[in-house]
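This document opens with one chain alone, in structure tokens, the form predicted alone.
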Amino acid sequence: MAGTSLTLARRSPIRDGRRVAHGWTPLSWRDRDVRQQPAYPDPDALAAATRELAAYPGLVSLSEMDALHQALGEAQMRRAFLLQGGDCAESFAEFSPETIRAGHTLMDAMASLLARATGVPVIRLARLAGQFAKPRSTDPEVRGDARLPAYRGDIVNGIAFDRAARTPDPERMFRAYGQATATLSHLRSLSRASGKPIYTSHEALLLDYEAALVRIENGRAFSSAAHFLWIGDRTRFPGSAHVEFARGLANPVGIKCGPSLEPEALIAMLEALDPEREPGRVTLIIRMGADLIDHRLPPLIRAVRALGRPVLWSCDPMHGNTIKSASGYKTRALERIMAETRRFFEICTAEGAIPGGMHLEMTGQDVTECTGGLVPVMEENLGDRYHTHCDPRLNAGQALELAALVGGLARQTVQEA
């Protein structure tokens, strides 16, 4: 029921047909430790916006979500492979049919390459149609004597460093919803033409927006904002409001696993998010960095395998390899991205886990944001076409080069199994 009110939903726990999420409601996260949220100056305006959004149609269907859930379960058994990728953060300014088509074309080419190499179906999961909010390391942002709220993505505020742009505005959620709706419509037409389904994902960060798009259907609560949501490395701590929000949803969920994550904390999250050990429910997105993956990944694999938990192991070789160039640009070296990818596959294989997915920040546009590649981007070229609003993305050539590497590594693991 697309119009189920959050007030009504909060009065009763949700049964999804497989389990009861005890004490959970779409708003029970408010009783937990809530971090990485904007400070809206007008709480009444925020409440009015979320009430209105709660009556809007959902963006994705329960049946689509269930199809993805089943496919991810196949990937856990080496019978499919997950390709998750797209923009670091979607922007209102760069929204266009051409941008969507370029991203879809790149993902389709990468998926085809991977399918030929591995001999298994490739799940296409886009970071799109909802990836508008971004966590921040520092808030406020300080430039000289000026202190302003940090830019938290176009769904919250503007990137321009002035008071009007940086003031969080709940009305931006409606523009994000409208852009996500249009993006999904175009993606669906493109996927029908190619005959390959494509699903959407984003970080479940802005909890007021996410809660407004929870829907209840056939006794099950699910996010209608995307087929797949993940919990970020900054919001997966003990007592997290974001973990509480995700635990009651029927959607498959991801957990970003950075180098600070201890095995005991990971197991506690798995107990909260997947008490019934459902195949396809949880994807662990490993983002350690090339220097730390050897030390930090094996203990996580051993802890999960010791308890026989079904998870999908996916590699995010982007976030742990971010540096600032001498010229001041945030960048990533393709060489380091490839190094972490190789070690991810090698460590998973050595520890008896199935390396079943990749999670990338990439674009079909010819950007110069990451260095390296067969047609190399040098550090002195970064300013030529550096367009990202947040983190550096692989361009199409770099992404295809990485996909070729992943295809060979994945094929080798299948042959050795």
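Bear in mind that the values here come from a model prediction, so they are computed numbers and not experimental data. The numbering used is simple: start at 1 and walk along the sequence shown.
The discussion below concerns the form predicted together with phosphoenolpyruvate, not included here.
Contact between residue 369 and phosphoenolpyruvate in the predicted bound form is not found at the 4.5 Å heavy atom cutoff. Put simply, residue 279 is far from phosphoenolpyruvate in the predicted bound form: not one heavy atom of it is within 4.5 Å. Taking the partner from the other structure, phosphoenolpyruvate in the predicted bound form has a heavy atom within 4.5 Å of a heavy atom of residue 233. Of the heavy atoms in residue 220, none are within 4.5 Å of phosphoenolpyruvate in the predicted bound form. Within 4.5 Å of phosphoenolpyruvate in the predicted bound form, a heavy atom is found for none of 26, 51 and 215. Listed residues 196, 296, 166, 287 were compared with phosphoenolpyruvate in the predicted bound form; 287 is the one with a heavy atom within 4.5 Å.
Contact with phosphoenolpyruvate in the predicted bound form, judged by any heavy atom within 4.5 Å, is made by just one of 247, 319, 172, 336: 319. The stretch from 188-196, 225-233, 112-120, 304-312 that comes within 4.5 Å of phosphoenolpyruvate in the predicted bound form, counting heavy atoms only, is 225-233.
Looking at 59-97, the one residue that comes within 4.5 Å of phosphoenolpyruvate in the predicted bound form, counting any heavy atom, is 88.
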